[in-house]
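Next up, structure tokens for two forms of one chain, structure 1 and then structure 2.
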Structure 1
């Protein structure tokens, strides 16, 4: 099985699942496409059919009606073993065999496929490194690992036979928030390397927005409410249900999608902490800057001063005062780089009370992102 790069990996059309005796379908007339190499998050309230949909892709559940194409072929016409060879599966409970070593767990599918032992061992070692586990983890048992490490083993096992598609059913809901955040970052880093087609089920809208290239929000009864990029979902919810599900912090969540390198920064004049107001004002006006970055003797940033404030001090007869006199030691500007999400920049600026953040990889001038620039990004 295979699909051309950039094509559709999973195509769902008019998919319905009606359980006997149930008053309404678990999934109703669902249609969506998952492009090859993208991450799609299925999210929605309990009972919206997201896990049912995932299991129908893998034929763990048979649909009542509708079609699913996997890599260009009707999955209902494929032998189950051939279908599942193309699909890795990661579940919430991980499902590792407790009596087998980590290496044996990871190598179970290649073993069933008849791979030579040397090839399996090589693949296991490659995958353990890929998911960030030490080489000696292969000889340990699942009970000897932390929850986060066990989840990494589950991902390695799902990737063992190199399937083009990976299905993940709430894989991180059983771990604590800190581990969960690290595992999410690991998945994004892993995806950058392996480029799989991933469909992930989650109940957490923040997780869906963080991980998904596109997000499908399902309403109760398995009805597709909106299917779009995270930014477009947050910018223009399709209806009141979607808006309510996304919550009241949509603008802040949009800031989490954008990076420092995507927004306007501005140069700052750099002066020493002992420079006078007049000297700082002259340096700023000489380069047309609105901000002055004050540094200490070790060239570390200790404050940001607006040129407008310097002009006010100068008119008030304080032109000879040093710029360091009015600075508070706990209001140093946070230092960020172009990869920081703007939501984290906003939080750092508000906590510091500095009025802006210093972009440390800006060259040749030291550049600043201000609250005005963050507000502009929100608009």
Structure 2
């Protein structure tokens, strides 16, 4: 999804962090490249060194050994506060400054960079709108906002000076699932707009899969277990640990990554409920379709019938019966459009009991996605 994924934004080489007094390193020999414009999710069990890794990128923690290059420069060369002003950071506990208004919180880094006041005010207003906060939120104190709103302020603050790189540590752990889903969608929309390089830490594999162009799975002791696109991870986990971490719903999760527009839908013959089985068969065979979509008087789909079943009925002497009579009641196929994730299509199809979904697109031929097409998508 990276708009311009030419260069490498963050390049981590042989990174090790040994906390004084700890028996084993928190991060061991980690090497990882983050392409410019991509979202990389760092996931792994608690204590596996995700936060430590993230904090080493902006030197909130100094590595024991190894190097990190940020935008092609060794990050140890820059004065640490300059490096940090160039990297947006959303800390896990939000950490807004309680004594500053929301606007002042958002304007912190531009202020440190010496922007003129008017430009800061303009930028703050722009960011509040971007993260979906009401304009009057700027004059309030953080304690006067809801948790989800504070989270947005944290993101706005990290984005304020337009840094090319954004680091986020479990940014949505403190909000309920509904708000979390909305904030995740917001982040994706934001990413589509501003094209940042984002490294996001999470322990939620679904969040990693949803947000990451690539996902790095860390094992105990900060060892990189696998680094791949979500689809590839789910299709071919590198080992038992990764497979266990991804859970038992790998196929369902993969379906969640694909959209209707990305898979082959097949044309279906459209017939009215009053048509006989023989007429329906004729229509289907005429266009080589495997499915017949039955519509009522208002052209609403009321059922989906496999051509193989029609043949069976026809052979057992029911060729003259109307297709409407052959339909089970209340098995209307769901109507989906090309933006639907396949996982939701599968759910809708299973709920309807109809064996497939009708794709609502502009084409005159009516196309359907059936259960076997969904299975095929996972090959």
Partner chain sequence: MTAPAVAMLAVLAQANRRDTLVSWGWVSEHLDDVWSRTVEHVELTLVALAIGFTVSSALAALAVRHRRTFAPITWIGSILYTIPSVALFGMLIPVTGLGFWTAEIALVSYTILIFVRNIVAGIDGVPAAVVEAADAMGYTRWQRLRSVELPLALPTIVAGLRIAAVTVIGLVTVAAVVGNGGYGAFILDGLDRDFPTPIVLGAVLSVLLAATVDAGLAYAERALTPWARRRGGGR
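Because the structure is a prediction, the values reported are computed rather than measured. Positions refer to the first chain, counted from 1. Note that the rigid core is defined as the largest set of C-alphas that superpose within 1.5 Å between two forms.
One of the two isolated chains is the form predicted on its own, namely structure 1. Treating the chain as two rigid parts that move between structure 1 and structure 2, residue 203 and residue 42 fall in the same part. A rotation of 11 degrees carries the smaller rigid part relative to the larger between structure 1 and structure 2, according to C-alpha superpositions. The shift recorded for the CA atom of residue 280 between structure 1 and structure 2 is 4.4 Å, with superposition on the rigid core.
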